[in-house]
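Heads up, the chain below is alone and in the form predicted alone; it's given as structure tokens.
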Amino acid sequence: MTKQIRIALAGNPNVGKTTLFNAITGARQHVGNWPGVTVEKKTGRVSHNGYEIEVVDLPGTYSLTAYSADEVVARDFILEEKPDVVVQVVDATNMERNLYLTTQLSELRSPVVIALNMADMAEARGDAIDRDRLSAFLEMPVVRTVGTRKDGISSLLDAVIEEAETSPHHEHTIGYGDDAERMIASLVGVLETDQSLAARYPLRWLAVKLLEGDEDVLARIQEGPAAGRVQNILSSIDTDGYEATMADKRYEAIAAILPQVRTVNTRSMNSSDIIDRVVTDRYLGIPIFLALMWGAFELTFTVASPFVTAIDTAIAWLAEAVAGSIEPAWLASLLGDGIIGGVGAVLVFIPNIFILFLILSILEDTGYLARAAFVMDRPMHALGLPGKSFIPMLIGFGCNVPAIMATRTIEGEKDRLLTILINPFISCSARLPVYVLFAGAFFGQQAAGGVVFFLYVLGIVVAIASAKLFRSTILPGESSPFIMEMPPYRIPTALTSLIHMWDKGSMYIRKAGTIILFGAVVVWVLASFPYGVEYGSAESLAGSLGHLIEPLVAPLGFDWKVSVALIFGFLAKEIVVGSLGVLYGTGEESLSSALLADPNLSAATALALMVFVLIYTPCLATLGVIKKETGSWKWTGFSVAYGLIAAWILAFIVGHLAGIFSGGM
């Protein structure tokens, strides 16, 4: 009979934990190169030596004190679910910071195995680590691993099985000094009176956390018989002082161990340091970041252009062929004008989406995007945004849904809410088809990349300006400091970058086959009825709906067709393009040509429309996650209303300014 083991992968952010998870299970999970990407546990399975092993990838955490939502998830899983073994992934190049979590895991009396990851990078810089001595000091197995090359995976699983079958386990603890130890002993004595607590948690660990002022642990004892006496003890002491003292003692213990187990190459500066001197410079850092982003968009248009043209031509031909060869006429119209015209208008931009994701994946995997977060910390903090907000903002370039979920790494409630409210202004990939369509059609290939770059920068500016406004009005307070570790620079592998590109880009294709298809069919129905009207005319249901909304957006230069597209953009921003593809039809010309031929559209109107799509109400999925993460319909409704108002004002300003410079809107 196959034996079952469940292990939890724990560790600091950026130690290669998710990479190791992929190496163990073969799962294709997203691997980020900055803290906070993993905000929910992921699971996978592997068979090894007659054991069926379930692997749970926990969120990255620096300690077992629950400051943020992801730390709560990680700690509660270890505390409540009690995995058979906790595998702590330790960055071999940054052991001092990583072993701080080890000191806390050891107090939980859980079976722990250390995966000394990125060992190749430590060795490459000349470091030598005596794993046997480290294991003896920590009283837990230490295994060398290189997650990117799958080195040490078998040895790690062997150690996991042995540790799971071994009893009793280590009980290595830190000595916190006479005063703290007396207080710990007093609290343990009181907690022993609560038998249910004693059965569920290590009492010394509870006492340590209470002494540190951990509110989550304090809440766990509130209903028990020990609550009153514990409160009396805590009310008479300075928990902040004890927390600082105990943190110092943990680092003292680590500092005593490391010189005995590690020899460090003390060369003054390596290539990573030299690069960081430039890319994180306070004056050069932001221009370099902006230049790289501009280059990414220019490259996206240049490389994708011939592929886009080929797909566009093929879809136009297919739509014309279907419309002219299928009976009855309504079915031909549904397939040609509705499905092919609507979904095809979105599929045209697959090359742009995939190329942009490939570029961003390469920047992420090299470690550069973490530097971008560091560079942006100073200006963001000055504007009232917590530095950690930039991480969800970066994720938002892909999709606002996981970006808003990533705000769980932000400790302060106001900071977290602030970041959630501004994240929809970050231009996600769903808006890119709208930009590519209108920028390519009205500004030409040479200027299109610059226009799209302007829109992405505008989104960041609107987000930061909104944060400043919210901080000074509805969410006052000081932003929390931003502390992060720089991941080492890495040369991304082609396979890894392509997998990341496919993972993100395939979401776009799946949307085209589901929600965008649904939206295109609905728009076709509205454009075709009532029976007998000209398809897509002002007399159709779509025309009636558009004319109902048109007075609200007419000052922006939008007609009824654009109004219908914007309404359906509430479902998903790609449907803006799909809806226009349905309403304009395809026939022998592409959607770009049809838009250029429309006398109601101009370059200024196109720019205003792109600005409106950038800022107005996020898609339905984003609204759903805002409701879930805030737990409030009030804040969800505020996000909708604020986005609509801001979009209208900015589209009006940008459109009319562009009209003045171009000679008319």
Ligand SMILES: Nc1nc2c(ncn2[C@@H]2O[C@H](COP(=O)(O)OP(=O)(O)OP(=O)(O)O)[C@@H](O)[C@H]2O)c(=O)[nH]1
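Quantities reported herein were computed from a predicted structural model and do not represent experimental measurements. Residue positions are given as counts along the sequence shown, with the first one as 1.
Note that the form predicted together with the named molecule isn't included here; everything after this is about it.
Listed residues T148, S106, S466, S592 were compared with the named molecule in the predicted complex; T148 is the one with a heavy atom within 4.5 Å.
For the residues D194, D127, E212, D365, the 4.5 Å heavy atom test against the named molecule in the predicted complex is passed only by D365. Although the partner is absent here, K561 sits far enough away that none of its heavy atoms falls within 4.5 Å of the named molecule in the predicted complex. A residue is said to contact a partner when one of its heavy atoms sits within 4.5 Å of a partner heavy atom; R490 meets this definition for the named molecule in the predicted complex. Among residues of the shown chain, S272 is not one whose heavy atoms approach the named molecule to within 4.5 Å in the predicted complex. Residue contact with the named molecule in the predicted complex: G655 places no heavy atom within 4.5 Å of it. The stretch that touches the named molecule in the predicted complex, counting heavy atoms within 4.5 Å, is 118-126, out of 419-427, 219-227, 118-126, 243-251.
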